[in-house]
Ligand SMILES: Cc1cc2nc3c(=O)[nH]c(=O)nc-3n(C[C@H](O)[C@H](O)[C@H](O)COP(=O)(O)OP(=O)(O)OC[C@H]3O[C@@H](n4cnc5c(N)ncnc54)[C@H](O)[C@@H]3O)c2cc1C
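There is one chain below, alone, in structure tokens, taken in the form predicted on its own.
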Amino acid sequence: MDFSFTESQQKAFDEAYAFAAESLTHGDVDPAFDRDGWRKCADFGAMGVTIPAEFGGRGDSLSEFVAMFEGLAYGAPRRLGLYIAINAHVFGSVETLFKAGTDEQKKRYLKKLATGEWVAAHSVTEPDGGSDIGNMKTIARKDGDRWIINGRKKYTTCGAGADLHVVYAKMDDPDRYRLSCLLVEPGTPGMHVRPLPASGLDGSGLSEVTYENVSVPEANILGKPGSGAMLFQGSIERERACIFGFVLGAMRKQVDIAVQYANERNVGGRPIAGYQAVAHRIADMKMRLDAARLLLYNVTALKAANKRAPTEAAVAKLFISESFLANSMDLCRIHGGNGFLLENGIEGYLRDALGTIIFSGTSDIQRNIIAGQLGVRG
């Protein structure tokens, strides 16, 4: 069985690596939202890889998308906040709109989103709900030919830079719990966005969004009323399956950095690479990277074939995020005091890695999913 890149995947990786190394390795990053990086990636075509050309995309497969983001992060590993913003935009909004949107909705929004002209925020998580969409408090009440939204979302990626909000809310139905998905356009009265500065993943647009009597037309329901849970589950499984391409790129760069530093740094009259404790850390980093790549591209292939893969997606998300955290710790330890200094940028990997074990469902949520899929019942 051949697990190497196909010709098209290699091309996607190489082009992305060259672009990122040239365009994304310099300049300041706005910690609230990396607008400069977003525009450059939009010009490169990063937002519409899986969307047909008629809507401004490339019409490629998920495998090319993941390979592209591995290349982006390998070329510019300190822009991970930007990459998570683009992935959240694609899986939470662009692909959901392409699959469930009406012809009119696609005509109005899809090309702007697929080309990156517009930024979309995926508003799901709430202060009291976390990953539990069954405990959503944000409510959408029908009022004639409009929907009135009230509630608060937290940890909304791209919120600080969004032109369109894809909002999940429970319907005002006393008989049963149902979710709907609504499109809220920029400038809609009653919507307030507050950026949430974080310790890592700078530029992701992480925000709190409050909806106070936000009124949207009935035409802005995405999918059928009450189909929100199905839309969300489809998008989050695909996101968990494919979002970590950029983490593979960062982990690959970490191994390069570790090898170079260990060979160049001298202690006691010889390179620290000659100390077994250091060499073994690097070997562990490589082992985690290779295992992560196999898990990710396996589940990507399943989703590219339109197969359900809840267990495989959860396993990949859990293992890759925890491996990135472990590799980041090892990289800091290999660098010793130099890994603790801000000026070297090594500690930044650790701050970014902490975010990856939380977004798209925490590590413990992934363990719950895996156990449940195996038939473990509490």
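Numbering starts at 1 and follows the sequence shown. Treat the numbers as computed from the prediction; the structure is a model and nothing was measured.
The same protein also has a form predicted in complex with the ligand, omitted here; what follows describes it.
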Interface segment, criterion being heavy atoms within 4.5 Å of the ligand in the predicted bound form, picked from 121-129, 251-259, 181-189, 219-227:
121-129
Note which of Lys303, Lys154, Arg293, Lys170 lies within 4.5 Å of the ligand in the predicted bound form, where distance is taken over heavy atoms; exactly one does.
Lys154
Under a 4.5 angstroms heavy atom criterion, identify the one residue in Leu206, Val247, Ile86, Ala114 near the ligand in the predicted bound form.
Leu206
Within 4.5 Å of the ligand in the predicted bound form, all of Tyr17, Ser63 and Val66 (non-hydrogen atom):
no
Given that the partner is absent here, does Gln10 sit within 4.5 Å of the ligand in the predicted bound form, heavy atoms only?
no
Non-hydrogen atom contact Leu201 with the ligand in the predicted bound form at 4.5 angstroms:
yes
Partner proximity in the predicted bound form: Ser23 to the ligand, non-hydrogen atom cutoff 4.5 Å:
no
Should Ile370 be counted as a contact of the ligand in the predicted bound form, where contact means heavy atoms within 4.5 Å?
no
Heavy atom contacts to the ligand in the predicted bound form at 4.5 Å, residues of 89-104 in sequence order:
none
